[in-house]
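Given as structure tokens, the chain that follows is alone and in the form predicted alone.
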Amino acid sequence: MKHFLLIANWKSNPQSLENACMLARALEREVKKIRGVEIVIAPPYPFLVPVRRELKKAKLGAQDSFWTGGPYTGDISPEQLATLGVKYVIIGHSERRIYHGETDSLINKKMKAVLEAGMSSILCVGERERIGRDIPAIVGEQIRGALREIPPRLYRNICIAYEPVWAISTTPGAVPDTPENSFRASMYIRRVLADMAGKKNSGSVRILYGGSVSQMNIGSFVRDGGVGGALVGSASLNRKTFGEIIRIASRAR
């Protein structure tokens, strides 16, 4: 059984290299105390190398990747990230879909490139609003668009983070989803994946929950949410809070 996966998405934080390294060292100390949980720290691009030097047990992640190298000012290629020791790459986060206008077609290119470069990809999907209990069809559409023509052999290196936009802590009025709904979303995602690549290949994909994850709810998501990990945003910037999330997730396994 794979370890429970916790992704610390720092977004555009912290604002200094010194603070980034201090936070990485503090989180690494927390990780060393725990078993049964895999930790990935995804800092901003400028801090990737310094943060990597602070990590021993935790793995290095990136918050995005372009789909190729060449004359693309400001973009980072998958090969460059792999050279830096990046193991996981977040693709299709709602903030990039909303603020940068990323389409399923572009996300598909990024997914293919990251996987072919030998890294694991964390595909983010989720609706902007939900009416009733059913998982909106847009979630399935995002998955099918992002994974189009990706060989089933690469599914073992794919994680899907179900992160409804209305639940993300930076969204006004955000509230975390419930473990019950997370379980329902997980089952829905499994069906979509099985239709695309068969039950065996779909079973190798880790499904994560994201959206206002905290020390108050992580235990419930581990036990009852039907997921194999969590994408943690704001809470991962606080050493004590994220350390508690790690410990609770480890005990709840």
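Computed from a prediction, not measured in an experiment: that's the story for all the values here. All residue numbers refer to positions in the sequence shown, first residue = 1.
Not on display, but discussed next: the form predicted in complex with 1,3-dihydroxyacetonephosphate (13P).
Of the heavy atoms in residue 157, none are within 4.5 Å of 1,3-dihydroxyacetonephosphate (13P) in the model of the complex. 1,3-dihydroxyacetonephosphate (13P) in the model of the complex is approached by residue 95, whose closest heavy atom lies within 4.5 angstroms of it. Contact annotation: residue 169 falls within 4.5 Å of 1,3-dihydroxyacetonephosphate (13P) in the model of the complex, judged by heavy atom distances. Using a 4.5 Å cutoff between non-hydrogen atoms, residue 186 does not count as a contact of 1,3-dihydroxyacetonephosphate (13P) in the model of the complex.
Residues with any non-hydrogen atom within 4.5 angstroms of 1,3-dihydroxyacetonephosphate (13P) in the model of the complex fall in just one of 64 to 72, 221 to 229, 38 to 46, 207 to 215: 207 to 215. Only one of the listed residues (234, 13, 241, 19) places a non-hydrogen atom within 4.5 angstroms of 1,3-dihydroxyacetonephosphate (13P) in the model of the complex, and that residue is 234.
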